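Okay, here we've got a single chain as structure tokens, the form predicted on its own, with questions on binding and movement later.
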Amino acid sequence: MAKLNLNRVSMPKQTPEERGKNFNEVAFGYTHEQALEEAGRCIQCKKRNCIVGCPVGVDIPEFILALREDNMVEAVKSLKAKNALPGICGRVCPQETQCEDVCTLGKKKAPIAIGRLERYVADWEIVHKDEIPKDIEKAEPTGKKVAVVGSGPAGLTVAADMAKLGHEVTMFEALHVAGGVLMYGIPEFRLPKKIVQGEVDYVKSLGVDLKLDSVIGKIALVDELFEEGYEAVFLGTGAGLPIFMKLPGENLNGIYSANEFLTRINLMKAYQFPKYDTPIMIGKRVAVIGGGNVAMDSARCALRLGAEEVYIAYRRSQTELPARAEEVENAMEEGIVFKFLTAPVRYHSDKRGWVRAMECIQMELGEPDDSGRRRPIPIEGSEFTLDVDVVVIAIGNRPNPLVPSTTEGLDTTKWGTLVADEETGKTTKDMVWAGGDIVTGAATVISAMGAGKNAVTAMHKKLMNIEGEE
């Protein structure tokens, strides 16, 4: 019996010096030979923990086996049977805390690089799309009309799966392009927009009617959707309302929410200036407040747009950083300076009303708080000042209140999120389900997709009067 290879196949990527000056994708992806080698590490164990660890239930051993046998068409079919967005998930899903975290091989050494293999298969399909059978397995039409509000990861998942089940699906998107946070929030160097658009096009190919520039709550209320003949509604409008810290000077020129900063760069193409004449201010010294993936994205964008010094101020230690380890590592390699145990307390302006300095205080960690992380406590007398030209606030988001405020019977929490059943996504309003950030607050792409999957099961049962419907 051949000796098991315990060493994960590394994925080639741009050097920090190169990538800090461009918006091209950081990682190049596996070659075919590298993908086959990594797939060959999978031991096809009987206890398939990786499937349980996947929020959307992809049969991971099955698609990896097909890849290992160089049956790429079957690998694509297996992967997309449960996941309509594999190219996206292969890039931004935190596999290290989900499917890879419970990989049996991980008990000995490195788990299978499931995300990288998923990305490889998805990218192979793009190049070889003519080799993929065009007949998509769909149920017979049910005659039921379903409205999906929002085309982010939750909405795309629900739209795709409900269409496969035979329902007539219309997806409403407020912006001029579909994809939600995948389009406006995640930078090109981490998630190329052609990948997102390709997977949106796949969802449309299932028969989903996509209506852009359509703000539900303005062009139509949820109750009016029912009057138009829709029998079920899924709300996946995300969490696009930025949270601020309400500090003195926070309204100065040069201080952005991460939403505005990243939307200008990604959706409005400021990174392609002057081809796209989108105004965005980038000074020599930029400070980003926060420690999640959005903070990493903001800091790395600022670097690529020409900032000479970029800081990330985070009030806890590196151990508590919520961002993916891979993104933190990339940011550090690129020269982003991390100011741990640091919190801003006020901002100072120049004579023109632009931010020029950020006053901070050092923190120390106390006992764990409600989040389970150690609570940051200010150290008296430890104040210091950083000279800055631009500040980006990346401490989280809340849902936009438009849909809940215009929909009778739709209960919300004190945080503005929708009240919905954890298992099914059923809201307090009859025939309305919800999932993703509008329910949980800002979270991951794959968790939103998982919530969409749960809602699909419940919605289909209810629409079809299947016994045991939620």
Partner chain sequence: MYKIVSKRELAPKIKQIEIEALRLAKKALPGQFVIIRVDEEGERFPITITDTDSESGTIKIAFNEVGKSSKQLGNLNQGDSILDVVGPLGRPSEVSNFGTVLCIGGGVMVPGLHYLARALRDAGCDVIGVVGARTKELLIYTKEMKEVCSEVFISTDDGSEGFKGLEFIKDEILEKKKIDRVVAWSVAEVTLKTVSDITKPYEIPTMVLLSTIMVDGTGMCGCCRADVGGSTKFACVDGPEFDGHQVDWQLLTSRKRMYLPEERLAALTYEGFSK
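Remember, predicted model here, so these are calculated numbers, not experimental data. Residue numbers count along the first chain shown, from 1. For the two forms, the rigid core is made up of the largest set of C-alpha atoms that agree within 1.5 Å on superposition.
One more form of this protein should be noted, the form predicted together with the partner chain, which is absent from this view; the next part is about it.
Contact check for Thr104: every heavy atom lies farther than 4.5 Å from the partner chain in the predicted complex. In the predicted complex, the partner chain stays beyond 4.5 Å of every heavy atom belonging to Phe384. Using a 4.5 angstroms limit between non-hydrogen atoms, Pro242 touches the partner chain in the predicted complex.
Although the partner is absent here, Glu96 sits far enough away that none of its heavy atoms falls within 4.5 Å of the partner chain in the predicted complex. Only one segment in the set 86 to 94, 364 to 372, 167 to 175, 321 to 329 has any non-hydrogen atom within 4.5 angstroms of the partner chain in the predicted complex, and it is 167 to 175. Note on contacts: among Leu36, Ala27, Leu402, Leu65, the single residue with a heavy atom within 4.5 Å of the partner chain in the predicted complex is Leu402. In summary, among the residues Asp213, Glu131, Asp201, Glu380, the only one with a non-hydrogen atom within 4.5 Å of the partner chain in the predicted complex is Asp213. Along 243 to 258, a non-hydrogen atom within 4.5 Å of the partner chain in the predicted complex is carried by Phe244, Glu250, Asn251, Leu252, Asn253, Gly254, Ile255, Tyr256, Ser257, in order along the sequence.
Remark: with the core as the superposition reference, the CA shift of Lys145 between this form and the one not shown reaches 2 Å or more.
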